[in-house]
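Only one chain is shown below, in structure tokens, and it's the form predicted on its own.
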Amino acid sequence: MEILKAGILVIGDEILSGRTHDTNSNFIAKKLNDSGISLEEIKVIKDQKTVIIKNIKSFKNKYNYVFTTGGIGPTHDDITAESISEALNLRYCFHDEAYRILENYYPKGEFNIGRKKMAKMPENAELIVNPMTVAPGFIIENIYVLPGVPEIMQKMFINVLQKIKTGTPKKTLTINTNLYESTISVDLEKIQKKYTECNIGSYPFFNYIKKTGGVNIVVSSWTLDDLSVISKEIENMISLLGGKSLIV
């Protein structure tokens, strides 16, 4: 079974400086997982042409889908579209349909240079409809270019998901135990080595008020239809180590 793979490039100095909190990649990651697309990498990069070009070239060759957020607005530092054009050796130009959409949206005399810039993108790009502020994103090859504003990006991304090839959602289950990671680590590693078609992750939690803690063990697989055998083996391991378990 082919596993579709994706990468996300979050573009923006404001993210790297900490002025803006990135929620876009989290939203995209959840939607991709639900759609049977494996998110392999998230990378935050600066608004610098050489950096964007380098990463676009790298990601487009590694993944079925590349999603970018940020840098397609009207200001001087919005250089994502221009940089992608250069990375793909395509002409950076006005998209006729995008130009008409924006020209019709703004009142007469208010379709200024900055707003016109939002209609420029790689030649022959396909538009991603923006139902909120109309300024479109675009698709070129396997690259899906989206805005950075979360409310707008989310609606546009939902539209993208309806058009692309998706897969079977990843099978996932979580086992909660009151044992600590140090207690289960050796035996859990043995189970992981035995079942190579799944990933087993351990995520500790602590309640500092009650002075208690434990681990959430997450079992997931893109290829297995049933995780019950693995789950039962982990539960038996926990019991033998004197702990309690609960599938949550």
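Numbering starts at 1 and runs along the sequence shown. Please read all numbers here as calculations on a predicted model, not as lab measurements.
As for the form predicted together with another copy of the chain, it is not shown, yet the points below apply to it.
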- request: Choose one stretch from 148 to 156, 120 to 128, 161 to 169, 91 to 99: the one whose residues place a heavy atom within 4.5 angstroms of another copy of the chain in the predicted bound form.
  value: 148 to 156
- prompt: Judged by heavy atoms and a 4.5 Å cut-off, are 19, 77 and 182 together in contact with another copy of the chain in the predicted bound form?
  reply: yes
message: in the predicted bound form, does residue 30 come within 4.5 Å of another copy of the chain, counting heavy atoms only?
response: yes
- prompt: For residue 201, is any heavy atom within 4.5 Å of another copy of the chain in the predicted bound form, or not?
  reply: yes
task: Spell out, yes or no, whether the shortest heavy atom distance between residue 189 and another copy of the chain in the predicted bound form is within 4.5 Å.
output: yes
task: Using a 4.5 Å heavy atom cut-off, state whether residue 104 contacts another copy of the chain in the predicted bound form.
output: no
query: Looking at another copy of the chain in the predicted bound form, which residues in 104 to 143 have at least one heavy atom within 4.5 Å of it?
result: 106, 112, 113, 114, 115, 118, 132, 133
